[in-house]
Each structure stands twice: as C-alpha cells, then as structure tokens.
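This document starts with two versions of one protein chain, written out as structure tokens and named structure 1 and structure 2.
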Structure 1
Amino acid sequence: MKTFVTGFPRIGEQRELKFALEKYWKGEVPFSEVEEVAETLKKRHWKYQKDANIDAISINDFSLYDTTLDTMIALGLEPQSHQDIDDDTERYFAIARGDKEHRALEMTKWFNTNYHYIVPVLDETTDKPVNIDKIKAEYQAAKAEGITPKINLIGPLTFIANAKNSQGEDAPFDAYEKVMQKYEALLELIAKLDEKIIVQFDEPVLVTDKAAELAMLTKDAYTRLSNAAANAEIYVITYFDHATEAVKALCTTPVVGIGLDFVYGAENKEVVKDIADAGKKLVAGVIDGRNVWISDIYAKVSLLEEIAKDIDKEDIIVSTSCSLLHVPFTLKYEEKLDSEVKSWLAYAVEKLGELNLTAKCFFGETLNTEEQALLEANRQANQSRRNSQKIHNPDVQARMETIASLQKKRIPFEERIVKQHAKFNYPPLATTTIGSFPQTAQVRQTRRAFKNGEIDEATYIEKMKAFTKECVAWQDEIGLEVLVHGEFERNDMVEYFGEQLDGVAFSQNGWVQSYGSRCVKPPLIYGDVSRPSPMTLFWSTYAQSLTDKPMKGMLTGAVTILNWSFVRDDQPRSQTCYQISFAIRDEIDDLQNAGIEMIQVDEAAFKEGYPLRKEKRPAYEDFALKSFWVSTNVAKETTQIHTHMCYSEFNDIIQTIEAMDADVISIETARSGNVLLKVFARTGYKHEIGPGVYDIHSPRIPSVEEMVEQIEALLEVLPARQLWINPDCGLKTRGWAEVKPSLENMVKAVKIVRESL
C-alpha cells in the first residue's frame, strides 16, 4: 500500500445527492430514488479513486446526512426521543432534521471546519444491537467493483468527545465502557466480512488539548479494538493539527498504522521516529485536504524525503491530510474561471492525481509520458502563481501600513447603549430576524435569469424590489420591531460579498457540503483584497425607504469571509483578514452615512477558525478581534452594531466574544436550550443578546405556547432589557409556509410574555 485517501466527498460532483434528498423531503419522489442516486455516486467515487491508482479506498465515508448519525445507528445508540417512529428512514431524518412531533438533535461544527455533525446525547440513547447493514452493503458493492475496501469509522474517543448529555454539557467519559463494548461488538461483526479487513478509525480529537488526558484511554481502546478482530488491519487517523501525545500511546498498541497531518501539524515530524521504532506504518498526510491550491509536487516530495530520514520508505503511505469532503469535487465543470487562476487550483479529483504523482516521484517509480507532462504543468503553474501580477495590489499594501492605528475598540458599551436606546426606543424583548428570508424558486429563477442574460438589469432590479417590498410589508404587518430586507439579491452570505471584492474569484461548481443537503460555494481568495464600490447600500436604503421602523444593514464579517473561503496560502491568514476588514469598514461607513444605523456584521464562523491547540489560539484571537474592531470602530456612538454566531461552543471563548464589543449578539439556542445563555450569564456579560427561540434547520412550526415557555426560560437567566427575541439563524432555506406561522407565533409569544413582566 503506497497511497491512501482519508475520505471522499459524497454530495455528488453536480450535487446529485442534494437534489434527490430535497425532492424526497418534499414528497416529490420515493426514497428508492434517493437510494438509486446514492448507489450511483458511491460507485462513481470509487472509480475515480481506482483510476488514480489509489490503494486505500474508503467505504462508509458516504452518508445520506451525516456520518456521526450513521455511527449512532451502527452502534445501536440512537436517541430515545425518536423511538416512537417505526420506519427506519423516517426516524433517521427526524433525528437529523426534526418533524412535526420531534425536535432534531443539536448540530455543531466538526472541529474547526464548516462541516456540521449531529451531536449524540449519550445518557438518552437506546441499547439496540450493533448494526452493520450499511457497512456490509457498501463493502460487498465495492468488492464487486474490484476494490479492496477500507472501512471508515469515527473512532470511539472522538465519538464520545463530540457527544453531550441531556443537560447539554459535554458527555463525560464515564460513558467510555458502554461505548467501547459497542465498538468491540461492531468490529467483531465487521471482521466476518472478509478474511482480512482494513479499518480506518478517525480520531481528530487526538490533535486537540484533550489528547494528553486521553492517553490511557487511547492505549486501552486500540488494544481492545485490535484484539476484537485479529484479521483487521487497524489504522488510527488524525488530522487538522499535530497528534504528538497520542502517537506515543498508539505506539504501544497493536494497530498497524498511524495517520498524521503534515500540512497543518508540522510538529508531527517530531514523532515519526517513535512510529518507526514501534514498527508501525505511517500514513503521511501531505496533500492538503482542506484547501484548493495546487500542491507543489517537488516540495511535497522533499517533505516526504525529510520524513523518511526517521522511518523506512516502505513504511510510509502517502495520503491526503484529511478527508477530501472539505474541498469541491472536480475542476471539470469550471468553464468561466480565469484560466490562470484555474491553473492554480486542485479539487478532490485533481488531488487524487497529485497524490498519485507525489507517491510515484517519492518512491522512484518511472513516470509515463502523461505523468511527466502533469509534473511539468504543476511546476509551471506554481511558478505562475508566485509571480503573477493578479496577486499583488500596491494600493492595498499601502493601506495595510495604517492597520496598527485602527486596531482598537469603540467607546465603552455602557455609554453607547444609553444613546442607542434613546435613539431607537425599542422595547425589552425586541423582536427581529437574523437576516435572510426564504429563497423561493421564483427568487432563484430571477437571479439565474439575470445572471444568464435572459433579463436586463432594470427588469431584475424591479423584480427584486417587489420581493423586498412584500417582505418588508409582511414583517411590519405581523409586528416585528426591527426589520431586515430579506436578502433576495444574495446567493450566499459569503459568496455575495466575495463577488464584489477584488482579489477574489468564484467557481461555477465549487460546492462543498456543510450539512445534510446544504452546500456552500466558498470564494477563492487568491490575491490582495479590496472593495471597488459599495456592496449593500442600494438594497439597504431602498428597504429603509419602505418603513419607519429600523432596518438592519446586513454584512458578513471579515473573519467569517476568511473562514468560509479558500484562502491564499502564500501569506499569513491574518494579513488577508485585515484586508477584508477594510472593505467591511468602508461599507459600514457608507451605510450609516446613508441613514442605516443598525448594522449586523455576521461572524457565524468566528469560532470555527480557532486552532485546536490552546497554545496557537492567542495569535488567532488577536487578529480576529482586531479585524472586527477595524471593521466596526468606524461606527458612530448611536450606530448599533449587531453580530450573529451560530452552532458553536462558546464556553471557552466567552471572554473573547465580550471583547468583540458588539452592541447585540444573536446566537443559536433553539436546539441546545439555555446552556449557551447560562455561559453568558455566568461571566456577567453586559451586552444585549438574541438567543434563538426557533430552530430554522427543522421543518416543524413551534407553537405560541412552546415559544412562551422558551422565552420564560430565557428570563430565568437574563433580564428582559438585555434580551432580543429572534430565530436562531437566517431563513433562506425554509419555505414561507413554515416561516410565516413560526414568526407570527414568535411575535404573539413575546406579547404574552411582555404582559406578564
């Protein structure tokens, strides 16, 4: 075995799975059609890898929604709350998405990525027998395609570390024995699938600060799992940072190989000799699985040669740094990208070629004519990228010289908020929404028609004005106190801004799965970033002209644009973030000068960018905070700055959130109850907060009574004057049939609660 792919994207190169799932959820097609699409995609993805000479090809990295949810089912640890649903398929999607009678399980980010997983609740699970039906079916299908499959499983330590208990707290490791017995039983069944099996256990928790305290459990878990299946070759794969502590524990177990990320964990070089001395295989992650820039094949081979100083070459397996789930599928459909910028890119399929070429060069194999041409093209593209005039902007560099003088907070919050209350005169428990409203088929068709040249700009603007006018009038009618314009002109909260910034490119088909059927198309930040002209001013001022109520200007923050983009890797990320923050700063100034004096700067991905190691966090916090200040300290005292964060754990960064100094922050609490809010209360957080009372990722419509109960629970934690009431995220993915009654119920619930204050 010389090449190893940690995991592969599953949504489909043209989002085939997404569209099949959404048709099924709407009742337009039977589930059998989803299954048919899934089977087609799995075989296609295996073939891509087989054709690229990949030796270790995964199964069970494919999922209809989420692999953590699949793991719950495989282990027999499903939530008790959904067991009244007899049909397996209906129950599966109800756990993920909720239904009329059931809330979905909480969803949060997979470590520091934009992928979301379903959070297990370990003290409210079933104790069903383990279930390898999905794994067995995929194994047999892969064998029929001429592939020797590698079975991917989320490791037990990561599964427990990512779980919670019913109080919404991190699940204690006293669940370890129960979970381990399930894993052992699962592996015993898997072992019967073949004479020899290869099993990959994903353990990214071992690159976090928990690794040291988990050392004894690491040794115990992988000794037991190795013993549970004598015919299993077990590889424990880590990624996103270094795993130096865990390696020492894993080297004392019978596992065959250990996977390390050498792209984002350079410290892993320090433990290569330990792996060699223990007689283990090293799965060397050198092809970047998280970014889209082409590899420098010569540099990758040099890195492998450096690693090989401490371990025999034949004990190295060349790999991706992590699953390719985090990058788009293929450049095949990119017909409109600037040809030079396109030459600097590699998506998942192209990375398979890079992996094959790197391994061949490293192991000294003879390249055929096509491979020689690819190697030369790689050399030329890297040279082009280093020297291109597209990357460097003298005006941006000159402005960056002033950055130090702008990295400061506004005047104290206590002084600002008094003036803001006097100006806006909003009541306690003020009602608003996060920003976007449903992107109906009609809205999307209008945008598509304009983009394709089927309607002119004047027609497009009139149609979008009509959508906006209707949305503003309806918000006014139901009694919302702070309005938004609905964002009908926006395709995505990051893409919309990226399309208007210099130094940023956009793909046609660079889709990446965020959760379930939800996909995003991250910008490609390839050069110095600047804002040629205002980005939101026209639509915000038009919407404000339709009402006397405050109209929030809606912006995406610099840190979120950074974290939800594929960012150039030829300069520090901090420098790119500061460049973006200048663009947001200029937009805020334009908005407030035009009379838009409530401005929301969404930082949904602020927590997502945190390094997984504590020692690396201060540097990130420093530039992330300063970038937010650079953007927002241009605001006048009476300009109210809102921000929004969603689906993040805030316990360990609450002081940083306070230091951001936004006047109002809205957060997700609809799935997680009051746990997050209590974190704010414990720290004495003084700024105003909008805890989400309505889960927008579920199709269910919460009743007035349910929302009254939830708001009253909020008031047990914080006073009404400090609270805003809103959904937990934007509403673009929902339909009006769900949104209208849900928001009407929210406003009614607030009125009821206010009467009792």
Structure 2
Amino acid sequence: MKTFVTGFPRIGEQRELKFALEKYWKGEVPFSEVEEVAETLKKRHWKYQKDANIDAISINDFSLYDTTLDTMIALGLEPQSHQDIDDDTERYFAIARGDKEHRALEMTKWFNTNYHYIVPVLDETTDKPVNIDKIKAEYQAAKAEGITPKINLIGPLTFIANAKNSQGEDAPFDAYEKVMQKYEALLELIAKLDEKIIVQFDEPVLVTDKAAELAMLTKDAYTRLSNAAANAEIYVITYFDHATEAVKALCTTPVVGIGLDFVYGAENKEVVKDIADAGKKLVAGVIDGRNVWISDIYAKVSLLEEIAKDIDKEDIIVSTSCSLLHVPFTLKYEEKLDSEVKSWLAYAVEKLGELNLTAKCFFGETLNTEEQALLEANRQANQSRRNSQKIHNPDVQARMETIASLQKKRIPFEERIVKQHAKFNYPPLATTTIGSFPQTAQVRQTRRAFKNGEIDEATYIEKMKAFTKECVAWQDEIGLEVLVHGEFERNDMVEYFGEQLDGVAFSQNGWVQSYGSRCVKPPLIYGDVSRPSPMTLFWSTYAQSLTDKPMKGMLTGAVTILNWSFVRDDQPRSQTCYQISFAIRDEIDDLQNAGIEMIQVDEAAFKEGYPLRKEKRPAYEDFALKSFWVSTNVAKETTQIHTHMCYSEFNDIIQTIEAMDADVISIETARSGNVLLKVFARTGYKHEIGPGVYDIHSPRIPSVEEMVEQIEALLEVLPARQLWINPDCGLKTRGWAEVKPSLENMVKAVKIVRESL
C-alpha cells in the first residue's frame, strides 16, 4: 500500500445528493431515487480514486446525512426519543432534521472545520444490537468494482469526545465502557466480511488538548479493537494538528498504522521515529485536504524525504492530510474562473492526481507520459504562483511595511466614551439592531435580476433605495435610536465584501458540504488583498441622508472574512488578515469622513478561527486582535466602533474580546438570560454591551412583558449606562410580519424600564 485517501466528499460533483435528498424531503420523489443517486455517486467516487492509482480507497465515508449519525446507527446507540418511528429511513432523517413530532438532535462543528455533525446524547440512547448493514452493502459494492476497500469508522474516542449527555455536558467518557463494547461487537462482525480487512479509525480528538489525558483510554481502546478483529489491519488516523502525545500510546497497541497530518501539524515530525521503533506503518498526510491550492509536488517529495530520515520508506504510505470532504469536488465545471487563478487550484479530484504523482516521485517509480505532463504543469503553475502580478501587489506589500505602527489600540476607552456620549447624547439602554432586515422574495429577486442582467444598474439602485428608504423610515417611526440601512444589497456578509476586493475570486462550483444537504461556496483569497474603491459608502450615506438619527455603518471584519474563505497558503494567514484589515480600515475612514460616525465591524467568525491546540491560541489571538485594531484605530475618538458576535461561549475568550476595544459589542444572549452577562461583569468589563434581548432564530414574537423582564435581569448585572438593547443577531432570515411587532415590543419594553430607572 503506497497511497491512501482519508475520505472523499460525498455530496456529488454537481451536488446530486443534495438535490435528490431535498426532492425526497419535499415528497417529490420516492426514497429509491435517493438510493439510486447514492449508488451512482459511490461508484463514481471510487472510480476517481482507482483511476488515480489510490491503493487505500474508503467505504463508509459516504453518508446520506452525516457519518456520526451513521456511527450511532451502526453501534445501535440511537436516540431513544425517536424510537416510535418504525421506518428506518424516516427515523434516520427525523433524528437528523426533526419532523412534526420530533426535534432534531443538535448539530455542531466538526473540530475547526465548517462541517457540522450530529451530536450523540450518550445517556439517552437505545441498546440495540450493532448494525453492519450499511458497511456490508458498501463493502460488497466496492469489491464488485474491483476495489480492496478500507472501512472508515469514526474512532470511539472521537465519537465520545464529540458527544454529550442529557445535562449538556461534553465528552461523557463515563459512557466509555458501553460504547467500547459496541465497537468490539461491530468489529467482530466486520471481521467476518473478508479474510483480510482494512479498517481506518478517524481520531481527530487525538490532536486536541484532550489527547494527553486520553492516553490510557487510547491504549485500551486500540488494544481491544485489535483483539476483536484479528484479521483486521487497523489504521488510526489523526488530522487537523499534531498528535504527538497520542502516538506514544498508539505505539503500545497492536494497530498496523498511524496517520499523521504533516500539513497542519509539523510537530508530528518529532514522533516519526517512535512509529518506526514500534514497527508501525506511517500514513503521512502531506497533500492538504482542507485547502484548494495546488501542491508543490517537489516540495511534498522533499517533505517525505525528510520524514523518511526517521522511518523506512517502505513503511510510509502517502496520504491526504485529512478527508477531502472539506474541499470542493473537481475543477471540471469551473468555466468562468480566470485561467491563471484556476491553474493554482486543486479540488478533490485534482488532489488525487497530486497524491499519485507525489507517491510515484517519492518511491522512484517511472511516470507515464500523462503523469510527466501533469508534473510539468504543476511545476509551471507553482512558478506562476510565485511570480504572478495577480498575486503579488507591490502597493499592498509596501503598505504592509507600515503595519507595526498600526498594531495598537485607540486612546483609552474611558476618554473616548465620554466624548462620544457628549456628541451623540443617546440615552441609557439605547435601542438598535444588528444590521440586516428581512431579505424578502422581492429583495432577493431584485438582486438576482440585476446580477443576471435583466435590469440595468439605474433600475436596480432605484429599487434598492426604495427598500432602504422604507426600512429607515420605519425604524425612525417606531423610535429606535440608532438606525441601520438594512443590508438589502448584500447576499452574504462575506461574499459582499469579497466581490469588491482585489485578490479574491469566486468559484462557480466550489461547493463544500456544511451539513446534511447544505453546502457553502467560500471565496478564494488567492492574492494580495486590496480595496479598489469604497464598498459600503454609497448605501450608508444614502441611508444617513434619510434621517437625523445616527446611521450605523455596517462592515464585516477581517478575521471573519478570513475564517470564512479559502485562504492562500503561500504566506502566513496573519499576513492575509492584515491585508484585509487595511481594506476595512480605509472603509471606516471613508465612512467617518462622510458623516457615518457609528460603525459596526461584524466578527461573527472570530471564535471559529481558534486553533485546536491551546499552545497555538496566543498566536491566533495576537494577529486577530491586532487586525481588529489596524482596522478600527483609524476611527476618530468620537467615531463609535461597534462589533457583533453571534455565539454565546465567551467564557474562555472574554479577555480577548475586551482587548478588541470596540466601544460597543452586541452579542447573542437571548437564550441564556443574564448568565452570559455575568461573565462580563465578573471580569470588570468596561465597554458598552448590547446583549440580545430576543432570539431572532425563532419565529416567535416576544412580548413586551418578557422583554421588560429580560432587560430588568440585565440591569441586575450591569448599569443601564453600559447597556444597549437590541435583538441577538441580524433579521435577514425573518419576515416583516415577525420583525415589526418584535421590534415595536422591544422599544416599548425599553420605555417602560427607563421610566423606573
């Protein structure tokens, strides 16, 4: 075995699975149609890998919704709450998505990716016999295609670490014994599938800070699993960071191979020798499974040579750094991308070719003519990437030279805020919103018509002005104190800015599964980023011209743009982040000079970018913070900077939030009452805060009374002077029928509370 692919995307190169599932859910087609599509896709994906000479091709990496859910089914650990549904298919999708009588299980992010898995609740599961049906069917289908399948399973440690119990506690390792017995039983069945079996256990939890404390269980689990299936070659695969602690434990077990990520865990080089000494195979993840840029084949071969100093070449299997689930399918359908930019890209299918070439060069095999041509194309593309003017912009680089002088806070908050109060004179408990207003069918249709050339720019602007005008007038009328323009011109908070920045491209078909049938198409930040012209000035100044109240400018922060994009890998992420922060800085300056003097810089994805390893967090926080300062310290002392973050786990980053030094932060708290605010109070947070007083994710209209209560609860924690009152996120997913009464009630609630102050 020389080449190994951790896993392959499953949604289909034209999102075939998505469309089949969605039709089935709408009742338009029978389930058999989904199954047919699934069979076609599996075969196609195996063939892609087989054609690229991949030796270890996965089965069971395919899923109709999510592989953690599939694991629950295979282990017989299904949620009890859904057992009244007899039909297996209906039950499966009811667990995943909910139905009229059942709620869906919670979903959460798969480590630091944008893939979301379904969270098992381990003290509320069935104790059904293990179920090998899906694995067996895929195994046999793959064999019929002439493939020696590798069976992918989520490893028991990761499965438990990603679960919770009904009290909401994470990683309920008290369920370890129960879960392990299921895994053993499953492996016993798997062992019967064939004379010799290859099994891959995915254990990304072993790259997190939990790895050290899991050492004993790691040893126990993989000793037991090896014993449960004597004819199985077991590979334990880790990814997304280094697994140095776990390697030591794994080396004491009978597993055949250990997978390490050498793209995101360079530290892994230190433990190669341990693997060699233990006589294990090393699955060396060198082809980036998470990003879309071409590999430099020569550099990858050198990396492998370096690794091979500590282990025999014959014991190395060349692999992707992680499953290719996190990259789009194939460049085949990218017809509009600039051809030079396209030559720098490799999606999943192209990565298979890179893997094959890298392995062949590393093992000294002769290349056929086609492979020789590919290698030459790779060399040229890398050269153009190093030199192209599309990537390297001297103006941006010159400006980057000045960055150090800008990596600092504004004058002290205490001094600014006094001047801001004097200038804006807003009352305690000032009311505002987070930015967007309902994206009605009309709004979306107008944007689409303009994009497709069905209406001209003048017509488009006129229509968008009408939406904005109506929205501003209504906010004014109900008595909100700080208004917003409504963001009608924006499709998405990152895409809107990405489309206006140089150095950023958009693919046509670069879809990546986010959860279930949902896919996202992240922008491609391929080169030095700059802002050729103002991005929001037109709409903000137009909106300000309609009212005497302060109009809040609305920007997406650099860190969020970075974290929701595919970011170039030929310079540190921090550099790219700083380049974006310059663009935001210039926008803030343009806005304040045009009279927009409250400006919100949204950092919805600030927390998402945190590295998995504690040791790497300070470096991230350092550039994330400084980028925010670079963007915002252009603001005059009387320009008020707001920020917004929409998640509620602040406990571990509260110091960093404070250090961002935004004058006002609005946060999601509606579902947790005043609990979160207490965290801010405890740390002596001085800046102003707008804790969301109602949950915009629900269609429910909150009453005046309940918001009065909510505000009073907030006042128990922080003084009115420090508090703003707003919903907990943007309103774009809601309809006006919900938004109008909700905000009217919010304003009324504030009036009532203010009277009693």
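Numbering runs along the sequence of structure 1, starting at 1. What you see is a predicted model; the values in this text were computed from it and never measured. Rigid core (definition): largest C-alpha set, two forms, superposition within 1.5 Å.
> Quick check on the two chains I just loaded: which one is the form predicted in complex with glutamine (GLN), 1 or 2?
Pick structure 2 here.
> Aligning on the rigid core, do we see the C-alpha of W25 shift 2 angstroms or more between the two structures?
No; W25 is a residue whose C-alpha shifts by less than 2 Å between the two structures when the cores are overlaid.
> Using the core for the fit, does the CA position of A441 change by 2 Å or more between the two structures?
After core superposition, the displacement of the A441 C-alpha between the two structures reaches the 2 Å mark, so yes.
> Could you check whether the CA atom of I725 moves 2 Å or more between the two structures, using the rigid core for the fit?
Where the cores coincide, I725 still shows a C-alpha shift between the two structures that is 2 Å or more.
> Quote the shift of the Cα of I596 between the two structures to one decimal place in Å, the two forms being superposed on the rigid core.
C-alpha shift for I596: 8.8 Å.
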